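Shown next as structure tokens: one chain only, the form predicted alone.
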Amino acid sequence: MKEKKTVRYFDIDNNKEEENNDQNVKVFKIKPTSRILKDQKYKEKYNVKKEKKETKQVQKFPGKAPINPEKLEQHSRGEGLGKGVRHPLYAVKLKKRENKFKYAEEQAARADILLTEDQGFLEVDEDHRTTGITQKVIADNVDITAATKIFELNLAFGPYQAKYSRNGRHLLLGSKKGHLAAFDWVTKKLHFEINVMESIHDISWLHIETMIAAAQKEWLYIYDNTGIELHCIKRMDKILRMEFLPYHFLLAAVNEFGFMSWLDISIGEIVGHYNNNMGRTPVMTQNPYNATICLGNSKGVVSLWSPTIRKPLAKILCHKTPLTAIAVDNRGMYMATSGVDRSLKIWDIRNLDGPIQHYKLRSHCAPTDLEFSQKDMLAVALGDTVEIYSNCCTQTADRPYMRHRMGKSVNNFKFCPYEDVLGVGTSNGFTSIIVPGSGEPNFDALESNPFQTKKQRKEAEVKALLEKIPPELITLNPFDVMEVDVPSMKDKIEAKNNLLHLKPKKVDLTPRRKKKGKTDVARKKIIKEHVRKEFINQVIEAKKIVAEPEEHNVPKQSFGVLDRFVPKPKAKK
């Protein structure tokens, strides 16, 4: 039998010709065409896809890792879309928007793994308390960089007020005797130091760390970071307290006579100026959640104000005694108030409810200042002592978290943003102490960057100006803008219904019996005319009643016997 010869088809180059004599194989020269090349590519792709499918089946952890539901709750944007949308087109649009929000929540929750820094805390044995740990013990047990944050400045022009910039890098000091200074407290580099030769009642940073506002004895002055006077605003005089609203570019102030002012520093105009009719109000703070101003008076009442409404948005009777200090946390959920009776109360400021917690402080004097940190720690000034409470809003605190004795009277204090530092302005200078766990460990560089360069600062200033919120949107609920103004529509309908008008009654026009010489049409006309005349007479009488002025029962002056010569008013016909 003849052996079958196998034929193999394959591509060869023209230059290379090989012959295999061992096997009985016929060799054919085939020119590579586009169709053959196309088939080869398709086979290669098909084989690769097959391999990928096989590898997918082998994978242990297919897809993305599941997200912790607790972290999703932390980044939640609120409730989703309800079933109230009837139009299918708008329902689809809102559904797409909800999907975007959901995707943003998931991405934010996944990005938490990139936050490398954790919150600090104090840990002691069961027999010891955290209040027993002094600043000297903390300085001996931390690294050199952290130990440099504990320092003291002995100055001779006290008492001093201290304020940190929004990014927590710069510190501003102002004293009652006119000493004004600003410096980078991390590197201890001095920006400027001047004496304004008159008392300074309050100080504040503006939108960037190159502009400073100082409420002096008479007027409000604006300085730059070299100490040069930029503006003197004489329309804002005798100021007691100031607060700067960064997202609205508004400088809010209240003076000795109870006049409140809101200065828009981007255009240099006063957008709100009126008297609050509460007298002298030296206790003032802002609510960061909705940018309202909280004022406390001597009657123990806290009132919330906005620049466009001349009456308080809300009032809360917090104490039976005069208020000494107010503080609102960064989320705008809790408000702490203290009175002359040495009581400390925590209120739910969103629902205007409370008090949630009520503390009676064991001290010989009333609290002079209150301040919340970024992690909801509350600092209380009691004479020459500063006490810091942790988790005192959600649960009752039995004892303070930390206690520091200054040896001199405390004027005011501020927590440094993004640092575990509390800056205290005293009667003889300034003191910086470490409070572990008080600051936010991770910062958002697009919000406030402690390490920003000059170029980044300029770009952030322009961006903030473009995103400026108008003062008309300052309300108790900042989400009112997103809702339909239903109550105002109800008010309009009620006002329309309450207008003075008399609706004519429905007349039964069916004639009872026929009369001679008159048709149904004629009888209907007569009835309609009669009803119309009655209605007109009723309207005329109603207008007369409204037009008549109310007679006040004022006792007439008596002239005795001469009363008969007094002319009598003529009665209107």
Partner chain sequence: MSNMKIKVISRNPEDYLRATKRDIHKLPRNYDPSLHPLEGPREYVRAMNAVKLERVFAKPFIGNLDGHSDGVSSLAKHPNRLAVLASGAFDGEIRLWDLASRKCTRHFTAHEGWVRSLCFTPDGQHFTSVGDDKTIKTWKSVTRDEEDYEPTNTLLSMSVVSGITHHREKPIFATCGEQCQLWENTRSEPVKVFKWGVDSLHHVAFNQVETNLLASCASDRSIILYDFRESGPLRKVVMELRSNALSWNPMEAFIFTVANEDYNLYSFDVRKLKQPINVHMDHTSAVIDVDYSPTGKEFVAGSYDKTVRIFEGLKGHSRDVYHTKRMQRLTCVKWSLDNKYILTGSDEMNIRMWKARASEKLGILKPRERTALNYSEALKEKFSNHPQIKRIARHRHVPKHVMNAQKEIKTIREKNKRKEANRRAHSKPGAVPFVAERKRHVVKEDE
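Here the rigid core means the biggest group of C-alpha atoms that line up within 1.5 Å when the two forms are laid on top of each other. Residue numbers count along the first chain shown, from 1. This structure is a prediction, so every number in the text was calculated from the model and none was measured.
What comes next is about the form predicted together with its partner chain, which does not appear here.
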- Query: For the spot marked by Y289, D420 and K468, is every residue within 4.5 Å of its partner chain in the predicted bound form through some heavy atom?
  - Reply: yes
- Item | Candidate stretches 272-280, 392-400, 206-214, 129-137 - the one whose heavy atoms come within 4.5 Å of its partner chain in the predicted bound form | 129-137
- Query: So which of K360, R77, K458, K315 reaches within 4.5 angstroms of its partner chain in the predicted bound form, heavy atom to heavy atom?
  - Reply: R77
- Query: Considering L190, V92, I113, V481, which brings a non-hydrogen atom within 4.5 Å of its partner chain in the predicted bound form?
  - Reply: V481
- Query: Can you check whether M197 is within 4.5 Å of its partner chain in the predicted bound form, heavy atom basis?
  - Reply: no
- Query: Does any heavy atom of L473 come within 4.5 Å of a heavy atom of its partner chain in the predicted bound form?
  - Reply: yes
- For E440, is any heavy atom within 4.5 Å of its partner chain in the predicted bound form, or not? yes
- Message: Using a 4.5 angstroms cut-off on non-hydrogen atoms, would R331 count as touching its partner chain in the predicted bound form?
- Response: yes
- Item | Interface residues of 110-127 toward its partner chain, as seen in the predicted bound form [heavy atoms, 4.5 Å] | A111, L115, T116, E117, D118, Q119, G120, F121, L122, E123, V124, D125
- Query: Core-aligned, does I144 move its Cα 2 Å or more between the shown form and the other one?
  - Reply: no
- Message: Superposing on the rigid core, I want to see if F257 changes position between the shown form and the other one - specifically a Cα shift of 2 Å or more.
- Response: no
- Message: Aligned on the rigid core, do the two forms place the Cα of Y247 2 Å or more apart, comparing between the shown form and the other one?
- Response: no
